[in-house]
Every structure is written in C-alpha cells, then in structure tokens.
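Starting off, we have a lone chain in the form predicted on its own, written out as structure tokens.
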Amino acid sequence: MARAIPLQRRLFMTILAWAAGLLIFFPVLWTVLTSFKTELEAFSTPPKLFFFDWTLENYSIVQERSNYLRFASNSIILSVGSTLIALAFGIPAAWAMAFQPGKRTKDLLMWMLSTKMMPPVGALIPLYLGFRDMGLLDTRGGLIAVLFLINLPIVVWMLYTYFKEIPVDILEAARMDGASLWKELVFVLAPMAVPGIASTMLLNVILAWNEAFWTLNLSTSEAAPLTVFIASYSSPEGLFWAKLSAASTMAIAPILVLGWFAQRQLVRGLTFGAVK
C-alpha cells in the first residue's frame, strides 16, 4: 500500500511547481504587456509592468505593414504538412523497430537521435546550395521537406516508446485472424496508441511552428512563416521593442491557444506507458 505524502511536502511541491510555472510564463507575459506600450514606455527605466498608458497602436502598425494572414497561413501549412508526412513515415518505422527489431535497431535509433545533436549551421551551406539549384528556395515544399526531416527522429523515438508498451500478443492475435499489415497498423495498433500518436503530432506541430533557423535562411517572402514575420521587425536602426512584441504576440497566440486546449491530451500522451 502506497504511503501518504506528508502535508508539508505536498505544500512545498505545490509552491515549487507554481514558482517554476510563473518563472517560465513571465517572459510571455512581459512580451504581451510590452506590445500594449508605446516605444518610449517599452524602454522606460525602471520598467512599468501594469501601470502605463495602454494602446493598440502597435497592432495597427503591424497589420498595416505586414500581411499577417499570409505568414500565419504559411505557418499552418508548413507545420501541419510536415507533421502529417512525418507521421506517415514515422508510424511504420516505429512499428518495425518495436515489433520486428533487428540486431542494429538500437544503434539505428541512437544514430537517428544523434542527428539532432549536430549544429544546424553545419548543414546550412550545402542545403542552401542544393535548394538553390533545385529551385526550392522560398517554397513551401522545400520548407516542409526540411521540417519533416529534422523532426522525424523525434517522431520515430516517441512512437517507438509508445509502441513498445503495447502487448505483442494482441498484434499476433490479429495476424492469426488474418489481418494484413495495413489492417494491423490502422485497425489494431493505431487505436491503441491514440494518446501517443496525438501527443507526437501536437509536439511536432509545435516544433515546426517555432522553427526559426531554417525558415529564416531558406525563405524570404513567398513561403515565409511567422518566424520571418517576427524577424522583420529587427532593422539596422535598432529594435522596435513594442512593435516586435506585438508581432511576437500575434505569432505565438495561435500555438498557445492550441497548447491550452490540447494540454490534457499532450500530457496524457507524454506519460503514456510511464506507469505499468
């Protein structure tokens, strides 16, 4: 029988969790508040947290200067498109590694994970030149391919972890009943791993949405997502903090809303199989 946690320890852990949450959330709060300040108040010393003249001028200027909807639509297309392709490749790959492992399966998994440790700038020049020669610079297709490839190792690793928690006997029973490989994946494995697949999909969307290095270097206008939209408010004359904060708030708002509504599914998927 599990021993009850002392009240003092529970209270301490609760306070610690709230403190950590507020510490992580503070930069987001500061960005949102700065977006409602004038440029002069954004640089004021000491800084004004809540007591200042609130204004929507920065949002009006940002909307007049940039086509926000075009950048937002590009972000949606790139993040959703790369995620769907990653799942299309990741689910069969994770199934094979989890249920039909070979002698080098673990080595392959470690190699895939090691590719995430390479500095992206090390592959920028050859990739940029290749994209230029193939006409893929500043195209949605090119960026989807890049985002799909850089996030595929994470997708395979997460799905592999979830699939390993599913009893092999269930899949063997389906095979004995005459289920083909396609039916086994779609009608047996996928329904049982819905939490894991959903959390993997959500995490991949967030990673693709927030990707800045490749989108800034491989796009300029036509396929530029919201990361480029934010960077456009940095100029040689300096940083316009209030307008930059307004652009950042508009860029992160959709993904924050998605994360808020999907947090239960995301947490459920990330802890899938943690308790046996």
Partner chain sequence: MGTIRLQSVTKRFDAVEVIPGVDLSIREGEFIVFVGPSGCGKSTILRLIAGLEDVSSGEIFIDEKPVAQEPASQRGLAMVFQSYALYPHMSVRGNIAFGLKMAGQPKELIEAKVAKAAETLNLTDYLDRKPRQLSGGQRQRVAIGRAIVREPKAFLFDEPLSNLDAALRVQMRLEIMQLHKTLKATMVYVTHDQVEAMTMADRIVVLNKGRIEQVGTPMELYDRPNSLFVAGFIGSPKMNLVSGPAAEQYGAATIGIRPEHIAIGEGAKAVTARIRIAEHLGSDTFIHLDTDELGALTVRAQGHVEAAPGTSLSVILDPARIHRFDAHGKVIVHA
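Bear in mind that the values here come from a model prediction, so they are computed numbers and not experimental data. Positions refer to the first chain, counted from 1.
Same protein, other form: the form predicted together with the partner chain, not shown, and the subject of what follows.
At a distance threshold of 4.5 angstroms between non-hydrogen atoms, residue 187 is in contact with the partner chain in the model of the complex. Although the partner is absent from this view, residue 130 stays clear of the partner chain in the model of the complex, with no non-hydrogen atom inside 4.5 angstroms. When contacts are judged by a 4.5 Å heavy atom cut-off, residue 107 does not count as touching the partner chain in the model of the complex. At a distance threshold of 4.5 angstroms between non-hydrogen atoms, residue 173 is in contact with the partner chain in the model of the complex.
When you look in the model of the complex, the only residue of 154, 77, 145, 179 with a non-hydrogen atom within 4.5 Å of the partner chain is 179. When the partner chain is considered in the model of the complex, only one residue from 198, 192, 85, 72 comes within 4.5 Å through any heavy atom, namely 192. Contacts of stretch 95 to 126 with the partner chain in the model of the complex, defined by any heavy atom lying within 4.5 Å, are made by 103 alone.
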